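Only one chain is given next, in structure tokens, and it is the form predicted alone.
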Amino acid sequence: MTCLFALSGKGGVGKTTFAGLFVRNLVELGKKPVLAIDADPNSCLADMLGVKVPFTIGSARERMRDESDELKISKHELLRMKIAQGLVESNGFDMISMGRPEGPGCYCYANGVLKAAIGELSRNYPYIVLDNEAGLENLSRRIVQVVDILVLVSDASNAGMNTLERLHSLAREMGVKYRKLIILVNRTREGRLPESAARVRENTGAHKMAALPYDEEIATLAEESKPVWEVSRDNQIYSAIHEMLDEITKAP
């Protein structure tokens, strides 16, 4: 049975860094193979994981239209081929990236391909980490039907905390289904939740709400585009994520 972690939240608060740390810690906890899916058009997760993606699902949009006729195979069969070609295999995890569609048009086709890719691949992985763009757009498009663990990330500002409540309300309005909600409040003062956190937790019914302090090593990692595998094991953020995932993956 596959467990899907979907990360989303306010832009620029470290969401993709956490997605990378989730993948690393799941691998190190022996929950492998893990499938990492970069559903953010900015496509930064590959750098966080230290891998190179040969091409994205979005970029395959135009190719599939022409190649299906040229190769004389169905679009479904071509899709299976593209998924296999775009899947990056690494040590303990694999990765696929949505990217941006080439040429004019909306993301509808790319989203459909991503949804099909998740359906095709999910049965092969006990854990999937889905890094969404800021907001809940991907989930609202039903790229996945049910999220096991929805992870919302914010900073400790008042605006950030208000955004968490708006995202939660939006998720309810869109009928996003999840089993547990985890809220990560990043770059807090001395690792303490702001006063508004109690209100946010009560209004969202979050299963867990964690305060994560500003960390110089993590900040340097982001600035220098270094992969999460270089974060030291005694790092406070690494340790917090490791402990949290160990607890969650043991829970029934």
Ligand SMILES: Nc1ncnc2c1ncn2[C@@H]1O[C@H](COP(=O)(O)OP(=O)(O)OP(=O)(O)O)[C@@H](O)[C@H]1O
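Because the structure is a prediction, the values reported are computed rather than measured. Start at 1 and count along the sequence shown; that's the residue number.
Form predicted together with this ligand: not shown, discussed below.
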Original post:
Taking the partner as it appears in the model of the complex, which of 191-199, 49-57, 206-214, 29-37 has residues with heavy atoms within 4.5 Å of this ligand?
Top reply: 206-214
Original post:
M161 near this ligand in the model of the complex, any heavy atom under 4.5 Å?
Top reply: no
**OP:** Classify N25 as contacting or not contacting this ligand in the model of the complex by the rule of any non-hydrogen atom within 4.5 angstroms, answering yes or no.
**Re:** no
Original post:
Is I241 close enough to touch this ligand in the model of the complex, meaning at least one heavy atom pair within 4.5 Å?
Top reply: no
Original post:
Would I218 sit within 4.5 Å of this ligand in the model of the complex, counting heavy atoms only?
Top reply: yes
Original post:
What residues of 1-34, in sequence order, lie within 4.5 Å of this ligand in the model of the complex by heavy atom?
Top reply: K10, G11, G12, V13, G14, K15, T16, T17
